[in-house]
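Let us start with two forms of the same protein chain, each given on its own as structure tokens and named structure 1 and structure 2.
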Structure 1
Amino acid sequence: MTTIKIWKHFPREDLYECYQCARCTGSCPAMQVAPAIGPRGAILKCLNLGHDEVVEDEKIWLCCTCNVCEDRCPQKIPISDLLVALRNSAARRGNIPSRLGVAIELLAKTGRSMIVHQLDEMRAHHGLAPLPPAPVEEVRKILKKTGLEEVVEI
């Protein structure tokens, strides 16, 4: 598996702008209900231990992607970009929650991220026509070309 260079996606110098005030973490919903790393912790770990340590930790996925941390940061650090870059890198190393892996496979195979039984009947109940099929082949070709297979088999 290839790894992405996360500093291409997030300006590394921005890490030093963090003064560890924990305003982000204080607002983080994931921190309140799960053993998450949290935004302040993620930044500190990147600085002290290097991002390799962080992307190998499963806890990196304990996040709502709510972007509240970035909103509250007095230093305006683009924390959401950092969290996206870290998890992209994690996924390439095989650190990806199984539910999420399954969801991505479904998307690549059907062009949609959801599936239900008796869809036509359900839609008819609400007076709606059947949903036209998604452009599966085109979607799959695009995803192959962008390199999604670095992360999941499609």
Structure 2
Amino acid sequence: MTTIKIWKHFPREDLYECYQCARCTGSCPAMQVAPAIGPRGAILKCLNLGHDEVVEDEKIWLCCTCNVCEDRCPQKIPISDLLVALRNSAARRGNIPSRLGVAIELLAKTGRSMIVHQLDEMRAHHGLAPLPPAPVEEVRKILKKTGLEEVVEI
């Protein structure tokens, strides 16, 4: 399993610019619907415990990368970039939520991340043509190139 240090991809010094105003967390939609780690929590945990502790926490996957945290941050810390780097590091370690693993497996097999039953009938009902076949081989090439093939059983 490949492990990368996120500090190659995210400037750790940026985290020290945070003065804990919590505007990021107060605006986070993920924090409003689930007990997510939150942008401020991710920064604090990285600073106090190191990124290895953060990537073990499944809550990092609750971020919807809407970038509201960055828009609200008076210090302009690229928090979404931090969370994406943390998730990439977690994925390389195999720390992917099972439901996401299932979606990736389905994507590899069908070219789509979810199956909608009677999709063609629903599209026809709305006057739409059936969807073209998904480019499964192209999707598999992308999964292989990104290394997801090694992380998730496909």
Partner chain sequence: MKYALFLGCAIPIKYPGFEAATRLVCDRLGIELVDLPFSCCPPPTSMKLVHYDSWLALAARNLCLAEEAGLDLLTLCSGCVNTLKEANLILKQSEAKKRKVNKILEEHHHHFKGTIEVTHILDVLYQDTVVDKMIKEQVREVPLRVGCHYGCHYFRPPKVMYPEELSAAESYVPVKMDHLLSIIGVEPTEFSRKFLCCGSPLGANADQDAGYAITKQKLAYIHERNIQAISVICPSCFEQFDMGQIVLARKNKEKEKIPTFYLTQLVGLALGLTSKEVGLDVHRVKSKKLLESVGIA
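Only the largest set of C-alpha atoms that superpose within 1.5 Å between the two forms is called the rigid core. Please note that residue numbering is based on structure 1, beginning with 1 at the start of its sequence. Treat the numbers as computed from the prediction; the structure is a model and nothing was measured.
Participant: May I ask which of the two structures is the form predicted alone?
Facilitator: That would be structure 2, which is the form predicted alone.
Participant: I want to check residue 123: does it shift between the two structures by 2 Å or more at the Cα, with the core superposed?
Facilitator: Passes the 2 Å threshold, so yes.
Participant: Taking the rigid core as reference, does the Cα of residue 13 move 2 Å or more between the two structures?
Facilitator: Where the cores coincide, residue 13 shows only a C-alpha shift between the two structures that is less than 2 Å.
Participant: After fitting the rigid core, is the C-alpha of residue 59 off by 2 Å or more between the two structures?
Facilitator: No, the C-alpha moves less than 2 Å.
Participant: Report, in Å with one decimal, the C-alpha displacement of residue 149 between the two structures after core superposition.
Facilitator: Its alpha carbon moves by 3.7 Å.
Participant: Report, in Å with one decimal, the C-alpha displacement of residue 138 between the two structures after core superposition.
Facilitator: Once the two forms are fitted on their core, the shift reads 5.8 Å.
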